[in-house]
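For reference, the chain that follows is the form predicted on its own, supplied as structure tokens.
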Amino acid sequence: MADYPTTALGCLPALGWNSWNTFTWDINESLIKDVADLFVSDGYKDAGYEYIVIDDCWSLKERDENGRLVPDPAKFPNGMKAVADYIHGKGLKFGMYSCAGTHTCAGHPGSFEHEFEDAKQFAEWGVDYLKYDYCFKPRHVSGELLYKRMSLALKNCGRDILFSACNWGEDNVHDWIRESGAHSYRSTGDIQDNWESIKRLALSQMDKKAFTGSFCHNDMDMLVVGMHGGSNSDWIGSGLGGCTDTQYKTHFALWCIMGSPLMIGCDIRKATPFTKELLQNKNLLAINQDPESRGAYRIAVEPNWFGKDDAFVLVKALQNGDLAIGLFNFTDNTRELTLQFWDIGLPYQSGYSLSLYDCFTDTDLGMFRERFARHVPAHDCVVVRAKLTR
């Protein structure tokens, strides 16, 4: 077992819901309460999701005469403390949004040079999670310094607040973010609700496997699972066509095995049975929430007929000696994908085999020695949990 509690703040990737991908600016107290209610009644809380996060556009465009942030009274007439209290009353945690710049991406007040007073205000409201964006940062100021500044403010505000840094992978963030004190960091640009965006973001992180782990997780952006083009933003998804359920399945599997925080972005009030079952898949969530939080390593499919990025295997070492193995087919045709066991350190002459369990069908696949091969449909994946046996 790990020698630190997995309940420690930021030890494991955060699980929750964020308002931005579907609702952007169109948020209000009623919506947030609805999501909190559904987290409990529809099984998301029991599955491990705990954060309800309000993104940009929650405040007025100006601070008050004392320099404090002001919730928009038309959207949140009872204030943020009342929202936090409601969410806490459900046994859940409350998240909010600010920005390292002078303004947020939507033009609301940012926390630049207000870090310590804002952190104190968030603590007074009962905030448990802060997403911290990167728009309108003064060009002469180091982004690294600004994230360290807010981290220091949060760690001294009198409340445990998970710090989710969101600088879009800029400024070689993976080189300095762990020592800043952030619990996760955005390593990519914004996700969009289409297959090309999912592929692009996943492939962009294949060489960043060493830059994730306990207390500082590589965040590949929020999930678009189940959105089906339902965003009110043209940039995120409206008009982009959305994805098929198969593509959402592959998206979720990638984010799980690569150790990204999992922040649901769809309108869970409209979630289909497929979407709900996928987001609550206990086998994939267990891989994502493995106590050691190790990154996955990539193995090219041999023979490499498909191009180096089109078909590959990801392998993640788990705490109890098991391996999570994902076969991913990004091509537009069904392909037979093969994993040779010597590529994961298991020679034939060792006498060991792998007992494989299918994470989607909840079935034992049996014992395999030397290799594992499957025909994987276009844009689909196979994810198994492997146990070493004789």
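A residue's number is simply how far along the shown sequence it sits, counting from 1. This structure is a prediction, so every number in the text was calculated from the model and none was measured.
Keep in mind that the form predicted together with a small molecule is missing from the display, and what follows is about it.
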*Which one of these stretches, 66-74, 49-57, 356-364, 35-43, sits within 4.5 Å of the small molecule in the predicted complex when only heavy atoms are counted?*
49-57
*Does every residue of Trp20, Cys105 and Met222 put a non-hydrogen atom within 4.5 angstroms of the small molecule in the predicted complex?*
yes
*Report whether the minimum heavy atom distance between Arg186 and the small molecule in the predicted complex is within 4.5 Å.*
yes
_Whether Asp190 contacts the small molecule in the predicted complex should be assessed with a 4.5 Å heavy atom distance threshold; does it?_
yes
*Give a yes/no on whether Glu115 approaches the small molecule to within 4.5 Å in the predicted complex, heavy atoms considered.*
no
*Find out whether any non-hydrogen atom of Cys166 is located within 4.5 angstroms of the small molecule in the predicted complex, and reply yes or no.*
yes
*in the predicted complex, the residue from Asp133, Asp128, Asp290, Asp267 that sits within 4.5 Å of the small molecule by heavy atoms*: Asp133
*Name the residue from Phe312, Phe252, Tyr97, Tyr147 that puts a heavy atom within 4.5 Å of the small molecule in the predicted complex.*
Tyr97
